[in-house]
Structures are given as structure tokens and as C-alpha cells.
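One chain comes next, on its own, written as C-alpha cells: the form predicted on its own.
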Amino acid sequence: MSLVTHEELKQPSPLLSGPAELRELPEWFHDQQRAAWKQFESLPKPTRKDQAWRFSNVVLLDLAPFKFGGTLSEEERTAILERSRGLDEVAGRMIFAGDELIERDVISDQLKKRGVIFQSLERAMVEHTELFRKHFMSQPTILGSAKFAALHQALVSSGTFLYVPRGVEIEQPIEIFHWLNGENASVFPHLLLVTDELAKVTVIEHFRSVNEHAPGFACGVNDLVAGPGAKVTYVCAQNWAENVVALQMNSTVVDHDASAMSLNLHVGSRYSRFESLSRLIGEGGRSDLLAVAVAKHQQEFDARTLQDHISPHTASDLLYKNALDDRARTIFGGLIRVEPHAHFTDAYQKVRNLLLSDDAEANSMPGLEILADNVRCTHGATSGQIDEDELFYLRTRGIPVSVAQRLIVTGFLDEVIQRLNHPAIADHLNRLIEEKFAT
């Protein structure tokens, strides 16, 4: 059963043959999905002539081969659960295969008593309707993937809802796994994270495939809301199979005196596009956007960002580092925008590419749009190869060339990961990078 067929469109609802038919979702949500489906159909497919898709290999965005995943067997379920371990200590864990929640480790009674809500989207939209409707996909998709955001909204049927009330600090990370299972399967992961005043939480999402060679399609969305004085840390560990086409759209809203840090690690997939919209709506807000990509063979990682300073006295800092080998490609298109009256903005944007092959290609397009006075904004992008002096130094100490190169590259990338200041998560991300170099 393919994602889009004429027969499906003749049904009373275009979603009847999708995952949502297995769940009794509220009628208002189905109405939103029908409207989103119409929007998806009406929007044109992206082309390389579009500025938002400049340099992108849009030919890979053919959805015709993909379908919804089937029902899991007990053996498949058991195997996925056994492989769904990233961190040793977590405050809670959810595991999804396709759009099916197959396990939820509940949070402690203490956190429940303090008002923390950690549940599936389908429960949240019923039990916490007002909060859900206020924040679910409430930010505009303006970085190029509006068509795919509409597709996500039309077909998403499950995901994670996390609410952290005023003054609550969750010390251990929340961990979420999303698995693609099956040939040409599709998945629509979603995270809705809302923090109230002075709350604090760290979330790590893992994106993986059961079969490391199976083609598939992933189309995910994150809604991250940092309330006044809150501190939100979000980590994405993207390790889809080598033939997966993936899009991930992230929106972060930062209120006054709040901070939001996101770190995205990209090691898997054939083509991965990540869009990050960070809106600083309150004075004193801060947003840190971090990313690491290790690209080999013919992989393509496509990042588009907007640091949108709406209020005065806000700060943002973007640091993206890419290591490219073979015929891999990376694309970065980022903009710092300082809205009128957002005086005393402090914003930075830096992209660094390390080319390990003469055939690798890095395209970087940083930019500034400043509509206010008294601001400090800088941006820059660099591309280069391994320093021969560094390589020579390691070789004179008996370290083989391949090992020396790996040490230099991991050191180059580690600057970004250490910005997290979370040793357990840093160790996990470094293991994924090491595994990528071993392939």
C-alpha cells in the first residue's frame, strides 16, 4: 500500500488507509489532517531553482516507492526492544517502530506527582487538548519544507508528548527511539515538548533502522517550547539506514530568560535534510544550535536554519561541523535575522567543513538580515583539509595514517559535542561517530 493513491483519495477520509485508522483520534485532529493533506497536494514539489533547495538533490524526494510499515511480529518486537538502549540512566523512555508505540518506561511517581506528563501524542490530544492544540505544529514552516510538514501533519498518528511544569527539573535525560522496519517503509516521528517557567529537561531522540541496507522514508517534526526561565536541551542522533531519505523539521520557541540548546548528529541515511527554526520571543532568551555530520560514500546532508531574534537582549550561537569523505556532499543555508526593535542582539553563526577527499563537496551559505540597531552579529564558513603538520606529528609517533586521520577528525568534531556538557550523551555520540568511521 503506497503513501498516495487515487483510490485512497476517493475514500471519505484520505487517512482511512493510513496508520491513523488503527486509532480513535479526536475528530478535530482528523479535520486538521484532512486540511493538511489538501495542503500537501496543492504545494509544488521542490526544485533546485528554489532558493530554499539550492544545491539539494531533489530527485531523491520521490515518494512513490514508500509505504506504511506492517504489523510487527513478536520476534521483530523483541529484537527492537533489545537494541533500544542508548544511555544507562534515563528518567523515562519511549520506543516506536513505525508509528506504533511498542514500549514506554514510565517516569517516577515523584515526577508524576509534580505534574510531569510523559505520554503518547494520541493520549495527550485527548487528555490535554488545550495544551496540545496550542503548541502542536503552531510555528510556520518557512525554510522550504512546507509540503513535507503538511504531509507529516496529514499522516502522523503517534509520537511523544512531554510537559514539564513550573520549577520542575528532570535530572536524567528522557530517551526516545524511532525505528524504521521493512523494505520501503515510512515513519513520521513527532516530539511535542513544552516546558513551563523555570523548568529544566534534556531529551535525546534516536533515529534508526532495523535493516541497515533497507530503503525507507522518514518525515519528522519537533515542537520545542522553552517557557520563561526554562532550560531545554535536545539531542538528535540520526543513524537511519544507508538508503533512507529523511526530513526533520524543528521549531524552537524561547521565552524571556530561557535557554534552548539543540545538537544534531547525522551519520546515517542516503539523504537527510534538517531544518531548524529558532525564535527568540522574550528578552534574555538564548538559543544554541549545534550539529555534527560525518558523511561518506554518496551521502548528502542538507541543513537549513533561521535564528530569528524577535525581542531585544537575546543571544544565539550556531556551530556546525562536517567531516566529508569519498563523494559525500553537505549543504548549509543559514540566516540570522534581527527583527525591528530587537536591539542588543548577540548572534553568531559558524560552519566548518573538513574535506577528507578531493571528490567531497561542501556548500555553505550563511547570511545576515539586520533590521535593528546596536547589535553584534557575525557569520562565517570555512572548508579545508586535514592539516599535514598535525598528521605528520602523529605519524612520527608510530600512529598509522588511517588512525591518525580518525583522531584528527574526531578531535575536530568533539568541540561541538563537548558544548553539551553531558558526559553520558557525549560518550554515546562519540561511539556512533567511531562506528561510522569503522564502516
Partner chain sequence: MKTQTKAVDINRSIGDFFYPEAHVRDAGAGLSERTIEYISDVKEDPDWVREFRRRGLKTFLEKPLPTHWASKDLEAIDFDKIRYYLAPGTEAKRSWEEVPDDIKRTFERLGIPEQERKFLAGVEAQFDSEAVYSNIKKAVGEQGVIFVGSTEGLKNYPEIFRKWFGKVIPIADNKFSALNSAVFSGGSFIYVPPGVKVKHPLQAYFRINAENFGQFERTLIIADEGAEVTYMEGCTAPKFNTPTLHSAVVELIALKGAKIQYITVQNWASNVFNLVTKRGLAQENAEVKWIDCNIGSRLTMKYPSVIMKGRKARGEVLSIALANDGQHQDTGAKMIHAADETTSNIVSKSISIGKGRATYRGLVHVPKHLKHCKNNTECDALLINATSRTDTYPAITVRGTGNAVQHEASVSQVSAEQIFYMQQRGLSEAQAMSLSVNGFVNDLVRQFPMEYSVELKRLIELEMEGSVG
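Worth saying up front: this structure is predicted, and the values here are computed from it rather than measured. Residue numbers count along the first chain shown, from 1.
A second form of this protein, the form predicted together with its partner chain, is not displayed here; the remarks below concern that form.
When its partner chain is considered in the predicted complex, Ala360 lines it closely, a heavy atom lying within 4.5 Å. Mapping the unseen interface onto this chain, Glu41 falls outside it, with no heavy atom inside 4.5 Å of its partner chain in the predicted complex. Put simply, Lys321 is far from its partner chain in the predicted complex: not one heavy atom of it is within 4.5 Å.
At a distance threshold of 4.5 angstroms between non-hydrogen atoms, His379 is in contact with its partner chain in the predicted complex. This chain is displayed without its partner chain, yet in the predicted complex the stretch 336-344 from 336-344, 180-188, 246-254, 133-141 comes within 4.5 Å of it by heavy atoms. Between the options Leu60, Ala35, Val403, Leu371, the residue in contact with its partner chain in the predicted complex by a heavy atom within 4.5 angstroms is Leu371. The partner is absent here; in the predicted complex, the one residue of Lys45, Arg54, Arg395, His30 having a heavy atom within 4.5 Å of its partner chain is Arg54.
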